[in-house]
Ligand SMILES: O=C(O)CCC(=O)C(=O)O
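Take a look at this one chain, the form predicted on its own, written out in structure tokens.
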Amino acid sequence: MEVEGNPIRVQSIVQDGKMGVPPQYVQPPATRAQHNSKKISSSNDYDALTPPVIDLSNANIVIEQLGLACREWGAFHVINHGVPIRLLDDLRSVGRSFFEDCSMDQKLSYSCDANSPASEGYGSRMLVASNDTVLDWRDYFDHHTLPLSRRNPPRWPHFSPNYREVVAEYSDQMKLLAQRLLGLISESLSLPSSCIKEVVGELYQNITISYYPPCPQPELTLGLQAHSDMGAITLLIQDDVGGLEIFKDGEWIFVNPLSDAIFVILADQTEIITNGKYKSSQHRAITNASNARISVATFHDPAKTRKIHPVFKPPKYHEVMYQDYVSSWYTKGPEGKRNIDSLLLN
């Protein structure tokens, strides 16, 4: 299906009033979201299978709490994180405005290259067409934001007058928080605070605003297939609809949105660097029949030429050039954690 030479966007399917899900979006039964996924309270109770909420202003216990969260979950909320709450709200607002207030022609004028994975712009496919099995029920806008040499605001929407300024400010704030968290993660392993940052090197940052339209048959689809992120650390915010799930102890756990919090997801390179002491978090997005959902993921990755290796001995993972890891991820597809597992030493 094409729209003026562009692959069709999921939002167009909904706007056309289709009552069923096109077959290319139907997940096989084994990967569909089950109705018994646990929806949880927002309390910070490990026994209730709730992702931890860590107050970064509590210097006395933050290292201990963070270490426990990294060992047990690979993901956690942070509050009092230093990023203005106004900025979180502004980014959600301009993102929603792009998807809901702009015409399809306006959005398509910012289309990404459908034949190149991770290209900047407006798209729907996670992988290039030749690697797709089942499509995700989402549209997105991906921004290349760091290093500054990659930042090209004219490639970003301008339909909200402050869109580009909001994205640039958000990028700068997320970098500071990512660097701070990598330092704290290092300290929680009794390493120098600079350790993980030095292995990762200069941060390459992408900001992806994902839009999940209402789905007429949510039991058949996923908004985003199960995967672990390929880079070092991901910082995510949701709107109040919610749809993020993380995999823990053999089941999928619903992550209730906390509007003032930022959800931290450890990615595969951090698992390698910590020699598996901290695991990257497998996660996915589910759909619903009534409400569109917005989430914003800010990815922090090494340079493609960076070699990533464990800092503990004996190593449990092969050293890997990040470019090779990315190529494998996009060639094989994410499918849970099979890419990181392929690096395990026998």
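Please read all numbers here as calculations on a predicted model, not as lab measurements. Heads up: residue numbers just count along the shown sequence, starting at 1.
Although not depicted, the form predicted together with the ligand is the subject of the following passage.
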Check: So which stretch, 213 to 221, 148 to 156, 108 to 116, 226 to 234, is the one near the ligand in the predicted bound form (non-hydrogen atoms, 4.5 Å)?
Finding: 226 to 234
Notebook entry, point to check: Candidate spot R71, I246 and K279, all three in 4.5 Å heavy atom range of the ligand in the predicted bound form?
Noted result: no
Notebook entry, point to check: For H143, is any heavy atom within 4.5 Å of the ligand in the predicted bound form, or not?
Noted result: no
Check: Is Y317 close to the ligand in the predicted bound form, meaning a heavy atom pair under 4.5 Å apart or at it?
Finding: no
Next item on the list: Evaluate S295 for contact with the ligand in the predicted bound form, applying a 4.5 angstroms cut-off between non-hydrogen atoms, and reply yes or no.
Entry: yes
Margin query: Taking the ligand as it sits in the predicted bound form, is I308 in contact with it (heavy atom to heavy atom, 4.5 Å or less)?
Written below: no
Notebook entry, point to check: From first to last in sequence, which residues of 268 to 288 have any non-hydrogen atom within 4.5 angstroms of the ligand in the predicted bound form?
Noted result: H283, A285
